[in-house]
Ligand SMILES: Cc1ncc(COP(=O)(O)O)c(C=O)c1O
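A single chain comes next, written as structure tokens; it is the form predicted on its own.
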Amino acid sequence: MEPANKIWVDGDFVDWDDATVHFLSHSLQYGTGVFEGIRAYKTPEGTAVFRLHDHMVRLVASARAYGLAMKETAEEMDEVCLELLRVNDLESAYIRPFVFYGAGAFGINPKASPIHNYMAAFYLGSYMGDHGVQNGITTMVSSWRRISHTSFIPTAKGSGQYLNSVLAKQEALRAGYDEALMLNDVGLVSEGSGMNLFTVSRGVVYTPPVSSGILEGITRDTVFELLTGEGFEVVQTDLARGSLYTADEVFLTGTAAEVTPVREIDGRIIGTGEPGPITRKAQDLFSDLVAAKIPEYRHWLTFV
């Protein structure tokens, strides 16, 4: 992450170092906030934000799901994002809006706490590193299970629930792997620590359904549509742990991760040990899309 000049704080642009919160903010104490991760890309036609409105619609929906009464609409948040990129003069960026409870109440009930809305934009390179994107990453199935629909709201991006992901990621790194894969509470495949998962077997692409406890990822939806448009069969279905080991290809998708190949799971080589042809196709299609090279998907780009 490279610091930028300004962060948007409750309607004003403030210096990067001044975008602070009180130690007793309810969100800091209890994780009561919701957020999004969005990317803007440099294209031959200027900077374009990828699926901006879809992200802001999900932000508003997450806030509603967790009872945070946002004042701003998704459309207003779209405009804030574009202006933030202009103010910071960023050609490409990772964008983080965050809606959260501030200081005011102490205890579990946040009702007396004010609701704040911050947004930052800054340069961020490849989440898994250039080597991982080109050659694939190593993963392990975590001992930690993905949060359940009976305990949290996996379809919303609540900040506190990501402690679950932190535990899985730390476990994987300590064991010498790049990333964690998580099973749900009944032992079926869910997702990575912060990205969705696809497998390929005999030319068919599979991905776990929302019922498995995944976040319904916007990059996941994009890759689903791109591959379907190219004639591939893409199926949402429950996946057993063993299907990861027997797959011809496995890849992960997310705003930060984009399309990242998996070359190894639990010490087992996936396919040939190199990114497979459908994984490469997904990567190429996604790269062309965000570079404004596919006219039929231009509606997914909002130019600054």
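Everything numeric here is computed off the predicted structure, so don't read it as measured data. The first residue of the shown sequence is 1; numbering continues from there.
In what follows, reference is made to the form predicted together with this ligand, a form of this protein that is not presented.
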Open item on the list: Looking at heavy atoms inside 4.5 Å, which stretch does this ligand contact in the predicted complex, given the options 98-106, 129-137, 218-226, 78-86?
Closed with: 218-226
- [ ] Decide whether E179 counts as a contact residue for this ligand in the predicted complex under a heavy atom distance cut-off of 4.5 Å.
- [x] no
Open item on the list: Can you work out whether K169 and this ligand are in contact in the predicted complex, taking contact to mean some heavy atom pair no more than 4.5 Å apart?
Closed with: no
- [ ] Please run the contact check for M195 against this ligand in the predicted complex: heavy atoms, 4.5 angstroms, yes or no?
- [x] yes
TODO: Mark T253 yes when one of its heavy atoms lies within 4.5 Å of a heavy atom of this ligand in the predicted complex, and no otherwise.
DONE: yes
Task: Sole residue of F232, F152, Y162, F122 within 4.5 Å of this ligand in the predicted complex, by heavy atom - done: Y162
Task: Check all three, R146, K157 and E191, heavy atom within 4.5 Å of this ligand in the predicted complex - done: yes
